[in-house]
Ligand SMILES: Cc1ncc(COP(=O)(O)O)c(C=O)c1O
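Given next, in structure tokens, is a single chain: the form predicted alone.
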């Protein structure tokens, strides 16, 4: 019997899967630009420039790291219930909302199933679909990046299981209206509304979980609470779906340090929401400044970032490259729809000023 190589045993759809393209860490970006790490302006990851609550950092330092976390997340779900106004039975936490996206695919998707998403969008949904062996169908958004409900409905067939919608949409920054979400829910499919940037918009459809058992709302502590490095997110959904997620998740998926930081952050929400307000104000100032520049069109945003459109793909790439050469890093995308765009996260006032000064000089 001929001996097989280990790689011959890999599932065929994973043997050459197209992976997700993450952002590089600060030290790699600094080396690429040839400048000290502390000199870079990192605006490519939609991270919170003000960092976590001091209480969260203290809680992590005092956490009992030698103890396994509660597999049912009792304290964390209770605290999230207090924060969201939804019952603990409607909430489940994960190692970032990315883990919950993956768990939803494990729960619902098998090879041959299809998933609908509206492009431009967050690339993680497509990545998880590919890993699960499902077929992702991208429905193009309208001229203002709005959802094309008729096109979504037309794309549904007997194999369609899930519709993903990011709201505010990453990277375009616009919101899905409640009537649009209701229309999607009326299809009977699982509808996942990713509200990763909820705190920056103040708009949510989470209360609709009481009306629709096919609604899943995803949130994260990465953005508003500055806990991106600890990987902590949560989902709001029908209690029956929560039970099924609990059944298939890793027992100790939220680690002790992340749980401690999340609990302290929720307790210190006024401080953190004050930082959110500073970011929102910085977003509006940056939007106004970009609007006044020739050759740059900033799209209105309800997130902690702004999508900037140039007059052609070549100028967008040149802007991206020249900013990087100065140690200022923004995000470019592979989507054909966004070839003439880049996305910038809102930083501190000094970071925003450095970005705007550079853009002004390059755009002349």
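Positions refer to the first chain, counted from 1. No experiment lies behind these values; they were computed from the predicted model shown.
Keep in mind that the form predicted in complex with the ligand is missing from the display, and what follows is about it.
key: One residue of 285, 244, 231, 137 in contact with the ligand, assessed in the predicted bound form (non-hydrogen atom, 4.5 angstroms)   = When the ligand is considered in the predicted bound form, the option within 4.5 Å is 231.
key: Contacting member of 132, 260, 196, 192, with respect to the ligand in the predicted bound form [4.5 Å, heavy atom]   = Selected option: 196.
inquiry  = So in the predicted bound form, is the ligand close enough to residue 105 to count as touching (4.5 Å, heavy atoms)?
reply    = Residue 105: no contact with the ligand in the predicted bound form.
query = Would residue 98 count as touching the ligand in the predicted bound form under a 4.5 Å heavy atom rule?
reply = Yes, residue 98 is a contact residue.
inquiry  = Check residue 125 for me: does it contact the ligand in the predicted bound form (non-hydrogen atoms, 4.5 angstroms)?
reply    = Answer yes; at least one heavy atom of residue 125 falls within 4.5 Å of the ligand in the predicted bound form.
query = Might residue 220 be said to contact the ligand in the predicted bound form, defining contact as any heavy atom within 4.5 Å?
reply = Judged by the heavy-atom cut-off of 4.5 Å, residue 220 is in contact with the ligand in the predicted bound form.
query = Which among 73-81, 207-215, 276-284, 166-174 is in contact with the ligand in the predicted bound form, heavy atoms within 4.5 angstroms?
reply = Result of the contact check: 166-174.
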